[in-house]
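Consider the single chain below, provided in structure tokens and representing the form predicted on its own.
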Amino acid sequence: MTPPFAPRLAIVVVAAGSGTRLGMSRPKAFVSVGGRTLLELALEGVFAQPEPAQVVVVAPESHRAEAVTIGQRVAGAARDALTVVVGGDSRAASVAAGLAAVAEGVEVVLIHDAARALTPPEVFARVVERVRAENVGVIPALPVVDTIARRDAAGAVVEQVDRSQLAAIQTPQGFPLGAYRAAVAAIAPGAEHTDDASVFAAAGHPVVTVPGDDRAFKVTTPWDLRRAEQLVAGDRPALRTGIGVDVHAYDDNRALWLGGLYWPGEPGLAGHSDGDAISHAVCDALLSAAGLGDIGSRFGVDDPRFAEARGEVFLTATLELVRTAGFEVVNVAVQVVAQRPRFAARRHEVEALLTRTLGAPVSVAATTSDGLGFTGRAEGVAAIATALLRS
């Protein structure tokens, strides 16, 4: 799909590898790190780089739909810039599939490995700037800090190598698009290249380096995955709070469900679902704390699955979203403002039900507004919830 704007930059994110050395059943880019996949983390860096760009994700056929979902979630309002294509049997074939999807008018292309998921946005910017300034291939690189030795077939050290002339190469690797496409087309049958820059260099084009970043390491082994998890956990606070507010008017033609309980003899609450203001406010507080939007965006009124749905349905679905994002619920507190129902007699029952549902302590209090406002006029119920999460 060609984006509706005319980007001069395209970023091809290769996410089609199997990741067998990682020892996971899922393709590497779809392995979770702190509640988010490597692909999601990689795309966060891509979309945070400063220049508008077409972003082409190359995914395995088995996970194309998941790649689309992840990409659209990260892209947000820029989702029209996203293209997802199916990769090939090799990295070279996957890169070729990504290049074929690049839009007309693009001048610079970056090839990036999703496995280098924590690459900071400034690395992308450095590569693009150098490609444009010199019309060359550009790769981020780090100095080699270990002593390097050359060995013979028996493992004996032959000599030490001057490490000042060596560099550890990373991605994204950037190129003038036309010249890079020509270099790919000129690859000799059977030729093997260890990275994209070697393809460009084999065609006679110069390749230069810019400073890389320690965080742009490639997740290849379980040890790398653990390192990534520790870095991701360190990027966000251990505790996060959120606030949720929900309001529903009374409806005498409906049964009252509030706090997950049925309240016989009381007027119900109007709404697309059961109108359970307590459960809905708790959902909004949890989603707010996790940075996942709100109940309206997650479970819209246009979705027939949630028509007349009980509060427990929303709470359970919200809890799954929160846990998938890498958080656990510490506790939730709810304040109900209403003339009715009389809450004190069933407060502990509501707290017990919500605590079981969320697997964390929930406290509920109730008050009135001394005759002020719509709650004081007994026109409806308001609920305010706060949630505390930990990563």
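Just so we're clear, the structure is a prediction, and the values are computed from it rather than from any experiment. Residue indices: 1-based, along the sequence shown.
Same protein, other form: the form predicted together with cytidine-5'-triphosphate, not shown, and the subject of what follows.
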Contact segment among 253-261, 108-116, 239-247, 181-189, judged by heavy atoms lying within 4.5 Å of cytidine-5'-triphosphate in the predicted bound form: 108-116
Proximity of G380 to cytidine-5'-triphosphate in the predicted bound form, heavy atoms at 4.5 Å: no
cytidine-5'-triphosphate contact at D146 in the predicted bound form, heavy atom, 4.5 Å: no
Heavy atom of V14 within 4.5 Å of cytidine-5'-triphosphate in the predicted bound form: yes
is_contact(G88, cytidine-5'-triphosphate) in the predicted bound form, heavy atom dist at most 4.5 Å: yes
Contact residue in the predicted bound form, chosen from R227, R73, R310, K218 - any heavy atom within 4.5 Å of cytidine-5'-triphosphate: K218
Residues in 152-176 with any heavy atom within 4.5 Å of cytidine-5'-triphosphate in the predicted bound form: none
